[in-house]
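Only one chain comes next, encoded as structure tokens, the form predicted on its own.
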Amino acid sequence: MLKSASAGTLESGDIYIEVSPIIEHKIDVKLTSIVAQQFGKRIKQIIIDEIAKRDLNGISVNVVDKGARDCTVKARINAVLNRAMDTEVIKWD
């Protein structure tokens, strides 16, 4: 069961991610980023890949990026998904 959750901050070099369940059977990612021109596709792909690893659908993701590195994006999406799924299991690659 997926519930609404969030992780991260709006500080420089970080990323804030909110997730919530939606009725549609899809992954909807909305990104606001200071580096969207250069790295927007990469940020979205990291988020979608991490969600796909958990075989989730019907999820809305609202992202506010302030120049986070890939490792920070991955950590934040995993943290928010753990909170949304009420799980403490962290599957680090």
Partner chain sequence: MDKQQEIKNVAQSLNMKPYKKGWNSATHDRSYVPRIELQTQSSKLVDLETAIMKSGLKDGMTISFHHHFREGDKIINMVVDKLAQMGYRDLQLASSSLSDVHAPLIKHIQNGVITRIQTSGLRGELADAISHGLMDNPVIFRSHGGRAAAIENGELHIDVAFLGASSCDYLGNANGYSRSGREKSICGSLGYAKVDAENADKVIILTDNIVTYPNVPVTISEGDVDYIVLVDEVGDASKISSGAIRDTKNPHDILLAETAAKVVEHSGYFYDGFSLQTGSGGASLAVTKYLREAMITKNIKARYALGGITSHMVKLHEEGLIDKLLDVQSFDLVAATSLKNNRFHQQISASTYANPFENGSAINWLDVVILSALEVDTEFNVNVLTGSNGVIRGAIGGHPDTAAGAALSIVVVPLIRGRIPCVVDKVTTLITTGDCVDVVVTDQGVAVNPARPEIEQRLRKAKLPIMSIQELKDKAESVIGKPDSLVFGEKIVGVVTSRDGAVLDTIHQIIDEQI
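The shown structure was predicted, so the numbers you read here are calculated from the model rather than taken from an experiment. Positions refer to the first chain, counted from 1.
Omitted from view is the form predicted in complex with its partner chain, to which the following refers.
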property	result
Touches its partner chain in the model of the complex: E18 (any heavy atom, 4.5 Å)	no
In the model of the complex, I47 touching its partner chain (heavy atom, 4.5 Å)	no
Contact label in the model of the complex: I43 to its partner chain, heavy atom within 4.5 Å	yes
Distance check, L31 to its partner chain in the model of the complex, heavy atom within 4.5 Å	yes
Those residues of 33 to 70 which, in the model of the complex, come within 4.5 Å of its partner chain by heavy atom	V35, A36, Q37, Q38, F39, G40, K41, R42, I43, K44, G67, A68, R69, D70
